[in-house]
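What follows is one chain in structure tokens, specifically the form predicted alone.
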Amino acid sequence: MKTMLEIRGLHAFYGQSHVLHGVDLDVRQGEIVSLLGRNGAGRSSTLKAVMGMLRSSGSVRFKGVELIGRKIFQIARHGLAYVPEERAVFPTLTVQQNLLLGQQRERVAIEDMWQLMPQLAARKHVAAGLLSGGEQQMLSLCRSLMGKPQLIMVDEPTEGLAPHMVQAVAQHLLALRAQGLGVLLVEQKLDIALEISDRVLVMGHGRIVFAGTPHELRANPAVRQKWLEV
């Protein structure tokens, strides 16, 4: 599989606070890589740094092009999408209007989104603010896909969702992988991450402290106890 995203020695800062300390990771085409760790470990900061939202140093290369120093819209146009934890839908606009806002010059047909997530098609004319949390998460994900990305970064997509919606989100992420997209996933629910990921990375104190397969993490209770379990 072709490597899409290559991160080497990534440092990032919130003001004077140094939050990432030399992060290295890769995401290949058609694979799901999960970033695991406790709150404050640096997982969300990693996604924001890649997207150009934090002051950063080091190297972030996407399809061979260096992203450090580029503006957010330039990174998005290069084929990298970001779905934030807070979902950030436009509540007074309809589902369909929210999706159309995600279109770029290389358009994705909105019918493709209805086919991917039929439950949204049934509510296309409903204001996004009236959707359930799970439906808003689906909408945020679909809006990112309207830009026709080649890699999508998703932050805590199952947070606060009912169990059946958690499974629905997991199945949609697997569908994206099957279409050849790379997925960099921040996920708090260990069972879901281990179920759908090709590789998992554990973060602690702004660094990668474990990298391996889901099977290797399951077989390593010391890492789980030190860096994941409450």
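A residue's number is simply how far along the shown sequence it sits, counting from 1. Note that the structure is a prediction, hence the values are computed from the model and not measured.
There is also a form predicted in complex with a small molecule; it is not shown, and the following applies to it.
Just one of 44, 29, 167, 59 has a heavy atom within 4.5 angstroms of the small molecule in the predicted bound form, so which one? Of the candidates 44, 29, 167, 59, 44 is the one lying within 4.5 Å of the small molecule in the predicted bound form.
Which listed residue (40, 69, 64, 180) meets the criterion of a heavy atom within 4.5 Å of the small molecule in the predicted bound form? Looking at 40, 69, 64, 180 one by one, just 40 meets the 4.5 Å heavy-atom criterion.
Okay, which stretch from 157-165, 189-197, 31-39, 172-180 lines the small molecule in the predicted bound form, with non-hydrogen atoms inside 4.5 Å? It is the stretch 31-39.
Partner proximity in the predicted bound form: residue 23 to the small molecule, non-hydrogen atom cutoff 4.5 Å: Close contact is absent here: in the predicted bound form, residue 23 is far from the small molecule, nothing within 4.5 Å, heavy atoms only.
Does at least one non-hydrogen atom of residue 19 fall within 4.5 angstroms of the small molecule in the predicted bound form? Yes, residue 19 sits close enough to the small molecule in the predicted bound form that at least one of its heavy atoms falls within 4.5 Å.
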